[in-house]
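First, one chain by itself in structure tokens, the form predicted alone.
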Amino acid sequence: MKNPQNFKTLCVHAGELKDEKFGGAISPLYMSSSYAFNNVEINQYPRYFNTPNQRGVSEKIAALEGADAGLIFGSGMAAISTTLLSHLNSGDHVIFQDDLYGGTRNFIQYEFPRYGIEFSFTSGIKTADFDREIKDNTKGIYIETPSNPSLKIIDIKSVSNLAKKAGIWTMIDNTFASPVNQNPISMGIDIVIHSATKYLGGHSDICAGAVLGTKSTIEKVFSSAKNLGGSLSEYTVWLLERSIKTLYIRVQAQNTNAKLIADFLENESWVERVYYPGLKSHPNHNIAKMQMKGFGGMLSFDIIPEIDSKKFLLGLDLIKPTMSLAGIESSALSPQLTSHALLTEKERISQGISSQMVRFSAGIESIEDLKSDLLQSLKNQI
């Protein structure tokens, strides 16, 4: 789009492809995996992330994050791994917060030693915790806020300022917040990453990832991406563009439901603790208010030891006990058994993840129906 637009308008129209032949209302789908190479401005090829639909949806997501450019990938982990590897060499050091998505942490611990890349996990989430880990060979800081699954909040501007003072880059996994609720580039972050499988896709039917930043940053990521081959099919790209059109209204509804569920659970005797940045009881509620436009559709809670958490999840009827998150249908899972199963027990304990923790992804259903489903499963366990 030529001029900046309201966020809701960008969701619908940014990056759309014009149907020059028939004048259709939606972006046409170009399924070809083979394009002409003679007498063309660019050589288009799916693995080069530059076919019409790929470029269109990259422009759309970049517009939503206020970035100059973007790349889309076949999964969130493809986006994370490619971006990190494109910015690190053997002998470099990078800092991560301790509580990260389990897949990210497993990638770091398994792959980095093979490449001779050094890394540190912070002992906390305060800016001083990151500052303590900076070394002469530190190249960057990687954060995730709100974090998965304990919804911890990091002061984005403070960490960004620290990195700039040290002359190192910053990356953030913005999946839990989505561009609706949080735009880290406006707070000084260099690179924003999404598992587009989640809120950007939003219907539990596609797998994708996205990386956003300056043009030079994205060119650097592309240099590795074209070799690692993490592109995705044109049809998936087209579905993603379709899904993002409703991103704003979906996430607003999920924000509302998550807050109502968090308020409800905080007053229930069978719940020990609720993790949600929109609650005043959250230790970083004030930071979340400062840097988020909405508190998100994700929350976690600890069930009292007397209740079998696995049976509780299996007893849900309307709420789906499934992996992943951010669909229009509400879902719940045990991080210990799914998203963070690859971590050791010690690592899970250090992040506050117990067998009694339930991660809840709010959908767009009736809040009363969601409460009823939680209570009926509870009653069956007593």
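For every residue, the number given is its place in the sequence shown, counted from 1. Computed from a prediction, not measured in an experiment: that's the story for all the values here.
One more form of this protein exists, namely the form predicted together with a small molecule; it is left out here, but the text below deals with it.
S.K.: Heavy atom within 4.5 Å of the small molecule in the predicted bound form: which of W169, F312, Y101, F96?
M.R.: Looking at W169, F312, Y101, F96 one by one, just Y101 meets the 4.5 Å heavy-atom criterion.
S.K.: Heavy atom within 4.5 Å of the small molecule in the predicted bound form: which of G76, G202, G213, G296 fits that? Just give me the one.
M.R.: Comparing distances to the small molecule in the predicted bound form, the residue within 4.5 Å is G76.
S.K.: Evaluate E241 for contact with the small molecule in the predicted bound form, applying a 4.5 angstroms cut-off between non-hydrogen atoms, and reply yes or no.
M.R.: So E241 does not count as contacting the small molecule.
S.K.: Considering non-hydrogen atoms and a 4.5 Å limit, does the small molecule approach K198 in the predicted bound form?
M.R.: Looking in the predicted bound form, residue contacts with the small molecule include K198, since a heavy atom lies within 4.5 Å.
S.K.: Even though the small molecule is not shown here, does I153 get within 4.5 Å of it in the predicted bound form, heavy atoms only?
M.R.: Output for I153 is no: heavy atoms all beyond 4.5 Å of the small molecule.
S.K.: When the contact criterion is heavy atoms within 4.5 Å, does T82 count as touching the small molecule in the predicted bound form?
M.R.: The answer is no: T82 has no heavy atom within 4.5 Å of the small molecule.
S.K.: Given that the partner is absent here, state which listed stretch (157 to 165, 241 to 249, 174 to 182, 272 to 280) has heavy atoms within 4.5 Å of the small molecule in the predicted bound form.
M.R.: Among the listed stretches, the partner-contacting one is 174 to 182.
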